[in-house]
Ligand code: ATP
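Before any questions on how it binds or moves, here is one chain, the form predicted on its own, in structure tokens.
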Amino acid sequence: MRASRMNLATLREDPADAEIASHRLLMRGGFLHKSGAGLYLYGPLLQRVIDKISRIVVDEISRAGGLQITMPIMQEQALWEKSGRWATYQASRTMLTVRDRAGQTFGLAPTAEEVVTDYASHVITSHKQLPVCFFQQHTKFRDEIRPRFGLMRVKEFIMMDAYSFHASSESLDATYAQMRTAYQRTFKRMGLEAFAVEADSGAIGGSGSHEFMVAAAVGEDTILFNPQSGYAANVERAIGRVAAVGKVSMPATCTAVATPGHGHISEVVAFLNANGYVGITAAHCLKCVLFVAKSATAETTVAAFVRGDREINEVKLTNAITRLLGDAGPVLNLRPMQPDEVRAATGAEPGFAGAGEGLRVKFAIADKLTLAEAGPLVGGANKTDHHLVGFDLARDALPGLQWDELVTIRAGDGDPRSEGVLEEKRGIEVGHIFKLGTKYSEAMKAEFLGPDQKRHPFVMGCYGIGTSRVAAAAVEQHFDADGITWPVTIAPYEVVIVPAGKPGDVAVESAAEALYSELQQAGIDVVIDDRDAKPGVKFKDWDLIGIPFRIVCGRGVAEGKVECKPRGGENADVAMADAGATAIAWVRAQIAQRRAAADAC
């Protein structure tokens, strides 16, 4: 490709709304154009990156047995009503919808379980056809509440989604393992440091799932892990061991103590220590947080309890409430109570809620990890300016208290698999795999004829990769002060040739053209910068854009030499006759290295 035909439009300054490196650099490099809130146009350079990412994804999912299809973006309401998810997605406002001229409503695909399950029910009739896996790479839509960070959180994106169908859970387990390996191979070939972590299944559902994370300082996800045991989980899912705290002297019976104007735990602890209850800490307190949980049909009041020095994990709490709601669930939204709602639920001002008499909520749930074996505690009295000292959950809590795991696990907590402790790092989710089981097939009556000549629901798996998000995640792992440093396997071009002689220097231009022709014939993705621009401008542009290998034809041409430089590496003077072979060997070695890393998975 000739740069003069590429309509390069680079920026020297960061866009005002760009907060993270990938957003800044993709905008500055001309890869991305903002069309609206959460809506982006992919420029020619980014399209080439996404095409390369897509080809690797297709290659590896096909290698794992996937069959590529294309499903409609517009999905009929009736299909989603069969699965029971239409009302849920409408209530959560996740799905965007359109109407045709006849007034029929369609959902714009946020995911495709319903469509593919319907397809499988028509094309798979016998256990002899199983297992089978269908996949596509297509546009998805989600009504993101707060689009931000460029391609990280958008309303329209490209995603690979695959769905496997099985006759048994054992068969699903085998494919799940194969797909996990396929994902590892995929990200290795792209040159990304990615790792699998245990994850919450969220709105997709199912019995188990893993997220694939790209390690990055700006990642929105917190990962807890122990490199010695191999345990790794998203903080939404993480389990661990929380150290117990020593007991302190408290009254043998639950005693109400006036704590005027002291509602926050830190204030209560300081007040009690100053008034004869020495040694009490936040860990000896019962933290109560009041919520309103919204499902498709109702709102439910909830009190959640955790040890006073810890935080409630709202994803775990959401799942706990969903289990309690049963058929009335799932929870679509969870929000803290407003002050007036707190007063109605406790009869007191905010800051004095507790698990005893006076609490009026649908569900009261205590964290079993930090509270199941806790000694006497300090808790709110459901009375303004009062707390209870010596409160025992088993003895003093109102009847009907539920127990579940609610605590947020954090760095320093014990590893659930070993005697070690958990560490923390940030990650960007780029893929997710789920064991769906029979959730969709049972609801949609999607069945096959088994060897026993009876009808059985498909056992299903689901697998997704955020193709367009991978491009942004790659930049977050590969950039420096000058711009992007693309891995060669997904770079828009592999080599750039920069003529840097004086205008009209025939020798320089001829050398550049000869190298350009040689690399093209060798199958290298090469661009020649034939623009009428100063060498410094060209160098800045290509460093910003991030082409992995650069050849500069300049003053050295007169002596039969050119400069070769890997992006971020050192310049080397190379004989003109050897420059093409040097670039070709470097590119092929980089690709082979990525392939070898994938083969080691």
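Predicted model, so just to flag it, every value in this text is computed and none were measured. Start at 1 with the first residue shown and count on from there.
Only in words, not in the display: the form predicted in complex with the named molecule, which the text now covers.
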Counting any non-hydrogen atom inside 4.5 Å, which residue from Ala238, Leu151, Ala511, Met460 sits next to the named molecule in the model of the complex?
Leu151
Counting any non-hydrogen atom inside 4.5 Å, which residue from Arg469, His387, His284, Lys316 sits next to the named molecule in the model of the complex?
Arg469
Is the gap between Lys435 and the named molecule in the model of the complex 4.5 Å or less for some heavy atom pair?
no
Does the 4.5 Å heavy atom contact test between Met159 and the named molecule in the model of the complex come out positive?
yes
Can you tell me if Arg142 lies within 4.5 angstroms of the named molecule in the model of the complex, counting non-hydrogen atoms only?
yes
With the cut-off set at 4.5 Å between non-hydrogen atoms, does Val378 touch the named molecule in the model of the complex?
no
For the chain shown here without its partner, which stretch in 397 to 405, 496 to 504, 174 to 182, 425 to 433 has non-hydrogen atoms within 4.5 angstroms of the named molecule in the model of the complex?
425 to 433
